[in-house]
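A single chain comes next, written as structure tokens; it is the form predicted on its own.
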Amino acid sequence: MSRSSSINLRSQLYRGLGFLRGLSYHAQSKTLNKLGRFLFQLESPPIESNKFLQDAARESLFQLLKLDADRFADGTYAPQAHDGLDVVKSWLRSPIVTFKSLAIFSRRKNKDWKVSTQDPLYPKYFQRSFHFQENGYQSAESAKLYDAQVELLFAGSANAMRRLALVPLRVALKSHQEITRKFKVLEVACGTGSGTKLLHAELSRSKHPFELWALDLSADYLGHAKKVCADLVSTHFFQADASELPFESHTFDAVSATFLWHELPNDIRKKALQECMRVLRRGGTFISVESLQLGDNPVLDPLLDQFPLEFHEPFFKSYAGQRLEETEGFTTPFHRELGFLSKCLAWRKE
């Protein structure tokens, strides 16, 4: 069998797994959404009856899943970065996920976004139930359910969107091959550790010595990340605020942040972006994977408008209207790629 035929066959297999996974999460999500809206008498948003929008979103999702499969098939992504059959686990835990998710519908109906504890160690903007999760990011319980709920929200494509960061990371690694010192990477806002495992998979196959540092503001989510990433070598976790990074300038060869910027108030977002660039070495790479912003894919703009209304996302509107590519003090990104509802940007520090 020729190499191209082998790649094509692997691509078809990966596509099959990806689409099966996506359909499974989509079916669970549709069922949960209908049940939750029925039980709590919540009207469906108008966009759900917009066939043109739904078709465009479905096509965009399929394009991402195809791209994801092709990159595993041709070796762009490391095999260890694949989700495997975690969809089976999602069905096994679906009763508890369903039960907890129905509570989200209740809080959404009552517009209850407050947390039960006010921890003075956290900034004020952080003390709210983002996504109407129970106690937001200040809960070990929400950390356990977060990945499953995000995959339900994005029809099984959350990790496919996160993996977009691996392409510019691979470019950065190649440019470092002739340098003998360790390749140091900082992951800002590591959350539950899902992105950490993907970064580690790419770093591990490079055969170049590395160190991966992962930080998060939430003690509960950081604790969860440590557990699921306990077997990752050369990986360090610690609690810190993205807007006040506890590192000297010019420390890291790459800095990565995934789905962070829309969770921050405008002033904090600016500080955190500046901090990421500050701790980066000259010639280093800053990688961001985030939600689309208005105008990135105009046909999907209604979904961006609806998102903060359906979920408690108080800072999403300001994020969506301010293009990251035009961040003050930043040069034009050398890498830009859209994938379903996300975009990956990468800059080199001059």
Ligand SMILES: C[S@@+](CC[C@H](N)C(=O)[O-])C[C@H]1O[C@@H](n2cnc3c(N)ncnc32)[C@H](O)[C@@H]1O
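All residue numbers are counted from 1 along the displayed sequence. Everything numeric in this text was worked out from a predicted model, so none of it was measured.
Another form, the form predicted together with this ligand, is not on view; read the next lines as being about it.
Residue stretch of 166-174, 109-117, 184-192, 72-80 approaching this ligand in the predicted complex, non-hydrogen atom distance within 4.5 Å: Among the candidates, contact is made by 184-192.
4.5 angstroms heavy atom contact with this ligand in the predicted complex for Tyr125: Because a heavy atom of Tyr125 falls inside 4.5 Å of this ligand in the predicted complex, the answer is yes.
Contact label in the predicted complex: Ala143 to this ligand, heavy atom within 4.5 Å: Residue-level check for Ala143: no, no contact with this ligand.
In the predicted complex, Tyr221 touching this ligand (heavy atom, 4.5 Å): Tyr221 belongs to the contact set for this ligand.
4.5 angstroms heavy atom contact with this ligand in the predicted complex for Ser129: Looking in the predicted complex, residue contacts with this ligand do not include Ser129, since no heavy atom lies within 4.5 Å.
Listed residue (Leu264, Leu232, Val279, Leu203) with a non-hydrogen atom within 4.5 angstroms of this ligand in the predicted complex: Answer to the contact question: Leu264.
Heavy atom within 4.5 Å of this ligand in the predicted complex - residue from Leu217, Leu212, Ile104, Leu152: Residue within 4.5 Å of the partner: Leu217.
Partner contacts in the predicted complex for 22-57 (non-hydrogen atom within 4.5 angstroms of this ligand): Stretch hits: zero.
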